[in-house]
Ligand code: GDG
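Before any questions on how it binds or moves, here is one chain, the form predicted on its own, in structure tokens.
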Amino acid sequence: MNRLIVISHRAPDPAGLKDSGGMVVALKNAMQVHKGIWVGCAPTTREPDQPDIAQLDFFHGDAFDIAYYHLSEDEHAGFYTRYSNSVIWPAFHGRLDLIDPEGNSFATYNNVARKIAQALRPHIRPDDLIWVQDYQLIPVAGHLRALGVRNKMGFFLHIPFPARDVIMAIPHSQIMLRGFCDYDLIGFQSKRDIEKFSIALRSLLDVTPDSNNRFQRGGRTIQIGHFPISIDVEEFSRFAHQNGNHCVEGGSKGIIAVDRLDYSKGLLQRLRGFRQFLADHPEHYGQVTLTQIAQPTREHIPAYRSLKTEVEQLVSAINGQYGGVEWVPVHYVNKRVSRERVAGLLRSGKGCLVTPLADGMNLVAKEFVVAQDPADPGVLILSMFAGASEELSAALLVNPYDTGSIAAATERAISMPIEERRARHADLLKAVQSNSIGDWSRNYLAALQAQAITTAPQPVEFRPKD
């Protein structure tokens, strides 16, 4: 079995105490099978008086090693805050109005990728599989190729891929697209992401994938693939059973929503939809409560601070208009909640609102399905713009931009007969169980191993034009 090298912005905690998030959980499963090295950013930035040395700090574990690369505060700000999360993230989620291409952030983004490649190069064996994760690290393969690395390299995009016109608006977008082409296998969450990527290749790089989603560039063959990420079904089901004492507000008519406080998750649109539900159905006053968990994230970025203020104001307005002494329609929680406790809350929800405006997958939708009691399941209300909607078609699919759609689905979920709830849940559970967390990594790595190594005369340099 080939050794696996995973490269991501976040790496697991060596003690295993602070791990959270779908990507870390999913990749730990793959690393425990394949062994190898997980390369990620050190949790603290390098002090100004420390030398800038391109090397990795290793923590040796029983199953796999963790290797940290170190960044200065300025490097992290330019690479992570200013380019990854203030240019790529908003653009890939369709928010061109939030792009903030400050200064030389692209140059820093590219230089960090070069630094990672230089630090990793001495530790790569000829038969290692290299798997780079997500939008923060697109150019890593190009720099490794420039250092002579011919190993099979894969890339997986955990977030959605945008439409062609959005790509065109991103600073250095063609250079970014060329960076994708240094990989042997590019994985996406959904089929529609493959379609949008293919359109971008044809129109912006003049490259046309064939009927098997392969294309040629620079003397190399690159494969595009659809690999929907998932969850550990058995583990999350166990969490839900063990934490069933944690119940949402509203009892038998409690609605649950769990998100990071991110503009891509559609929190404002969801709250407006719930307000419309209350306006349309006064018979539910005093009965139906929405528990919205909005876990803090990227609070140093202005767009996130503004969103927090808007959400809090809207929650206050809804509760002020419709609530009373004995009933508050929106129970809002803006703090981190453990994965175990979330599982218990999801189990007790009679409905779950998962309404992102754009999402690569959205694992909360799958977690809600797994957490439910099949004998008396709740109803999943899911945005058609979440990658999960391709697998979970038995959910109530809504347009998150349409408050009436959210309001009508909420009423339908609350009123749905148990026979229909059971039938829908059975279909949803079957879909989740048929593609669990281990299937995602196994399918991807099998496809990467199957790729033939092709020789390119020289990789395309991933750098801005003069």
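Here the structure is a predicted model, which means the values were calculated and not measured. Sequential numbering from 1, following the sequence displayed.
Below: the form predicted together with the named molecule, not depicted.
- A heavy atom within 4.5 Å of the named molecule in the predicted complex is found for one listed residue only; from 176, 371, 288, 342, this is 342.
- The single contact residue among 384, 96, 107, 337, judged by any heavy atom lying within 4.5 Å of the named molecule in the predicted complex, is 337.
- Residue contact check for residue 295: one or more of its heavy atoms lie within 4.5 Å of the named molecule in the predicted complex.
- Mapping the unseen interface onto this chain, residue 348 falls outside it, with no heavy atom inside 4.5 Å of the named molecule in the predicted complex.
- A residue is said to contact a partner when one of its heavy atoms sits within 4.5 Å of a partner heavy atom; residue 259 meets this definition for the named molecule in the predicted complex.
- Of the heavy atoms in residue 395, none are within 4.5 Å of the named molecule in the predicted complex.
- In the predicted complex, every residue of the candidate spot (229, 265 and 367) has a heavy atom lying within 4.5 Å of the named molecule.
- Screening 151 to 159, 80 to 88, 196 to 204, 308 to 316 for residues having heavy atoms within 4.5 Å of the named molecule in the predicted complex returns a single hit, 151 to 159.
- If you take 353 to 382 and check each residue for a heavy atom within 4.5 Å of the named molecule in the predicted complex, you get 359, 360, 361, 362, 363, 364, 367, in sequence order.
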